[in-house]
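Form predicted alone, single chain, as structure tokens, below.
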Amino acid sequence: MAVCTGCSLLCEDIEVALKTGAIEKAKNLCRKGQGHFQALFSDRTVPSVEGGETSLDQAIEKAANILMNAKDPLLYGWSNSSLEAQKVGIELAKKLEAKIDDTSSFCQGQLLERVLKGELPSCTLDDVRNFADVSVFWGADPSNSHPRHLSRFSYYPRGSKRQKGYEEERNCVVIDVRKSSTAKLCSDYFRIPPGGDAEFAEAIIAILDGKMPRFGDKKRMIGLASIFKKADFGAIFPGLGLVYSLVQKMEIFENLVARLNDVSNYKVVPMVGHYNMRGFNELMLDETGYINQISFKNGVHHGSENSVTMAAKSSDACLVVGSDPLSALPFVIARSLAKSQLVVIDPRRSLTTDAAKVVIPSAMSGLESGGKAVRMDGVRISFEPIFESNLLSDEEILTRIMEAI
């Protein structure tokens, strides 16, 4: 059995047979996982400095020199690396007195921090499969982002208590600005206008408090509140749609979850994207008391000025590990980042590797290298390589860079 690191579900039941240059057959891989496994055989990086191919040793030496001589280095990425690599990365940031940040800084970080600090109640996906009778996907479309979520955990499976599945014992509610692929499958879909999440949440709170809602179709909203109240075990899966809508109003969502727990039992599991983003956040919280946006210059300092979106404007060198910020970040920020000395550790070619001063190829986690990661619900998963490779893992490369500094 193999573990798929294509998303944060970290499916452990993958059966795959490989042959030279291709996957011969695979079982239990979703379409996203299939693409992840096929990535073994295309667009792989090679060691390079200033756009010219070089040896691995020379690329590592150049990377160490750039980072060692930088006045304001930034270490970014991490969500697609093993726990072992993340631990070395944090130690490297300390040694360099650098800023360190990850992708949660501008996506699920707000929710994950509340979950990790116990401010939002959470549970495992196995609890959802076994006990949940109501699952709420809010601003999330797992049919495309986490294709096996509904079938393994939240809607279709037979659990220890919920053995009749979606036909009789499970409700699936989708709250979104569009009728997504998930909304077409689930039993209840509620469309909200862009930015309407706060009003929607406040309307549900009002109904729970015995008041009439001021938002949406009153009859349908009252019906939804009734579903919520009658649940034995409810799971809310917030996605980026909710996070971006409630950037400065997340306390409204907290209030709704608290109010739902006054009348029933509700848990929150953020729809984390990258396979080990939560792992990095847990390590950083244990190390610093914060999940991201840290500077180790003269101690430990937390703040938005240390986030990739702000640090990109001032950093003179940036180590990017397993990420493609030039494609993901807004153009103005990406342009600023591209002007710094980019050192990229990545198994595959991307816009960021193409712009980098130094590129160091790495083994693909779960496919060519082993390690541990934290699933989106906090469960630790170990994985072993299934494909022989001479490439170094992220952990090994980072260790060599640190030794060279």
Partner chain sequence: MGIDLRIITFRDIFQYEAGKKSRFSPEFQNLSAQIIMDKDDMVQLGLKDGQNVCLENEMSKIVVKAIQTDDEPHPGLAFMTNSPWSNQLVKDNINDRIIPDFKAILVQASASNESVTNLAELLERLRH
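Positions refer to the first chain, counted from 1. Everything quoted here is computed from the prediction, not taken from an experiment.
The next section is about a form of this same protein that is not shown, the form predicted in complex with the partner chain.
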Requested in this report: Sort through 376-384, 29-37, 64-72, 48-56 and report the only stretch with a non-hydrogen atom within 4.5 Å of the partner chain in the predicted complex.
Outcome: 29-37
Query - Three-residue site W138, F253 and L285 fully in contact with the partner chain in the predicted complex at 4.5 Å by heavy atom - result: no
Query - Option touching the partner chain, based on a heavy atom within 4.5 Å in the predicted complex, out of E113, D324, E84, D133 - result: D324
**Report entry** Among the candidates N144, N298, S160, S226, the residue which, in the predicted complex, approaches the partner chain to within 4.5 Å (heavy atoms)
**Finding:** N144
Query raised in the report: So in the predicted complex, does any heavy atom of S350 sit within 4.5 Å of the partner chain?
Result: yes
**Report entry** Residue contact check: Q293 to the partner chain in the predicted complex, 4.5 Å heavy atom
**Finding:** yes
Query raised in the report: Hey, in the predicted complex, does Y189 get a heavy atom within 4.5 angstroms of the partner chain?
Result: yes
**Report entry** K184: touches the partner chain in the predicted complex, heavy atom cutoff 4.5 angstroms
**Finding:** yes
Query raised in the report: Taking heavy atoms and a 4.5 Å limit, what residues of 323-346 are near the partner chain in the predicted complex?
Result: D324, L326, S327, A328, L329, P330, F331, V332, I333, A334, R335, A338, K339
